[in-house]
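Okay, here we've got a single chain as structure tokens, the form predicted alone, with questions on binding and movement later.
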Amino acid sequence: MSLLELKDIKKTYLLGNSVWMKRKTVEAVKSVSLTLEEGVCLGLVGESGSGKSTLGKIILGLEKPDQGEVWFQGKNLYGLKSKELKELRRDLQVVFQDCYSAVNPRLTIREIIAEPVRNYEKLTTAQEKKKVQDLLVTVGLCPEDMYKYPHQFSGGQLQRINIARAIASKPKLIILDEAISALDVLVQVQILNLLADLKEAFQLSYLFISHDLQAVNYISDRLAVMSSGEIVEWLDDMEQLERLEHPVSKKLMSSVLPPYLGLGSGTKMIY
């Protein structure tokens, strides 16, 4: 059984609100079906507006599809009662692109990381404190950082905090929606290495959404290329990246810096 399975997902938006003008229909996602196995990182790559972030929100339950089903751990996400859905959400977490808007600036780091823990575990104050400290150390920060506020951290540090919060509930799958695109290149490398280490240590699965083929190739086991709301190309072996044929795939390949072009089979692009 697959960890995640999407069946014929469709999502359409109506743009415009004028009573005098006909509203425009935009098909953000068109009949998308895919599967994700446990312990696998699936890279979902595409240009801006291709529908990949909308697909991520549908998986998370933040956007309801007009058609189709989302099966997670053998359960239809949109067919569950609220209590069942809450329990299932423990295994499904997310790290967003904007690390600043993803946190409440009025809360301490301890409160931010402890929030998902409080939703699913009954810990004493001392146990909760220890768990938050351990999570901070796991993502490369100091235990004392738990007393600080979001504005006291850099973007890279704050994204580490968001990752700590995401793994706090011991999830099975984490949606990484452009999780490194707003960071400096050197920080991107550090975060990618952290994500790779966490995937191995906690047996995590990732859906890594990005427009950066180089970053996707660095961390992913499989690749799906999305364009105009559809999956236009699929790759089961990242070592065969040069075999991508779709025009969108080739366009994304051409955006990779020259030192990484023309790599032979079996060679991963590196930072």
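Numbers for residues come from their place in the sequence shown, where the first is 1. Given the structure is predicted, the values throughout are model-derived calculations rather than measurements.
Another form exists, predicted together with a small molecule; not displayed. Remarks below refer to it.
Chemist: So the small molecule isn't shown here. In the predicted complex, which residue out of Glu69, Asp221, Glu233, Glu47 has a non-hydrogen atom within 4.5 Å of it?
Modeler: Contact residue from the list: Glu47.
Chemist: I need the one stretch from 212-220, 199-207, 233-241, 49-57 whose residues put non-hydrogen atoms within 4.5 angstroms of the small molecule in the predicted complex.
Modeler: Looking at the partner contacts, the answer comes out as 49-57.
Chemist: Examine Ala28 and determine whether its closest non-hydrogen atom to the small molecule in the predicted complex is within 4.5 angstroms.
Modeler: Although the small molecule is absent here, Ala28 would touch it in the predicted complex, with heavy atoms inside 4.5 Å.
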